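We begin with a single chain expressed as structure tokens, specifically the form predicted alone.
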Amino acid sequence: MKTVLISGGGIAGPALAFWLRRFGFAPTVVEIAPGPRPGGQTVDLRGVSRVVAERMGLMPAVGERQLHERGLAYVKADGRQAAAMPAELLDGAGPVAEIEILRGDLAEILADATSEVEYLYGDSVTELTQDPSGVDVTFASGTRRRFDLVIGADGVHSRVRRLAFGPEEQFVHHLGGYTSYFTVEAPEDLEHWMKIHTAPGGRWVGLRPDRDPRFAKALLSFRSPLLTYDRRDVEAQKRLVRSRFEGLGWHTAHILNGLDASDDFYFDTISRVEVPEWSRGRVALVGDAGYCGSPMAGHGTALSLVGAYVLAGELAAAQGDHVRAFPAYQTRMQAYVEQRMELPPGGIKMAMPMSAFGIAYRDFVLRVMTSRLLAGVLAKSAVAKPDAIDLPDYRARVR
């Protein structure tokens, strides 16, 4: 039985562990956090990612926790709606899908589904040494173990990628902004809408519904060149966010008042991850560690679930021979990854304009595109692109 170390206990890592164990491997997941991470923004299941979730048997649990968002609305400083994109407008192909779930809830469902997998919480990989027959791994705890394969599922700032592929700067490309998420008390009844207020200076202040109507998920994003800050200093990051948003309208003051007390605060660059080859010897990457279009492109959860399924499936089909399986995994996934990493038209400049005129122009364009005259055309164009992947049923191939 081949042993596989998976670095990262978010979405991709547990999903990969699920399939590897089912296909007869012995996976171990190492996660730097002390347990499954709560919080996070809303993620969606659509297209082939929903197919994968169904094949994992997750949909009953997802159904119990899914949110029912009505769409995305841009609002002005006084709360009046400037433009909106209802979920049904694009038949589920827009920013809000039919099946939305909080990332923390999905992570918990995956952790429950992999309860028999070995998890090493509160630890991380510090050294990797490959040889023809395996990989020697040193952990931050001082433990040393040997595995047949190592998979990096540890996100944009992947340690495995840095150790086995090279410096982060080679693969992570800053798109000109930063974003933060955290939970606050709901300042109003969102009526199942995701609401965003855009302020001059390229700043977004957003709220998304929580499963508990007493709370909401806050989103604060801003445009900026690369900043120097300590990724381990959460309090300094909160001060940085506060300095960028103080004095803005809508619910900004309420959101900032909840910033210090938040225990699920997340802050990071808006970046794109591009790794030309997703494997080096006995080490491979899956999810954001290997391919990430940034929060603006979305689809991170879909890429993680589908990538984990295909990687495990190809390893099983090749009877654990990574020399055959890793290239087959990339060949199978490449077109889908490129499709799902595409940024929306205009990118960050259109999403977060710097001027009041730019904001008004964006809202005008959205109102026109979602008008009765053009909504049908927009819907046809959105649904005209099926998922660019032939998704095998590895369950039938692997017995």
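Keep in mind it's a predicted model, so treat the numbers as computed, not measured. A residue's number is simply how far along the shown sequence it sits, counting from 1.
Form predicted together with a small molecule: not shown, discussed below.
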| item | value |
| --- | --- |
| Segment that reaches the small molecule in the model of the complex - one of 194-202, 316-324, 255-263, 148-156, heavy atoms within 4.5 Å | 148-156 |
| 4.5 Å heavy atom contact, residue 206 and the small molecule in the model of the complex | no |
| Contact flag, residue 181 vs the small molecule in the model of the complex, heavy atom cut 4.5 Å | yes |
| Contact test in the model of the complex: residue 333 vs the small molecule, heavy atoms, 4.5 Å | no |
| The small molecule contact at residue 20 in the model of the complex, heavy atom, 4.5 Å | no |
| Non-hydrogen atom within 4.5 Å of the small molecule in the model of the complex for each of 47, 49 and 307 | no |
| Sole residue of 223, 103, 272, 280 within 4.5 Å of the small molecule in the model of the complex, by heavy atom | 103 |
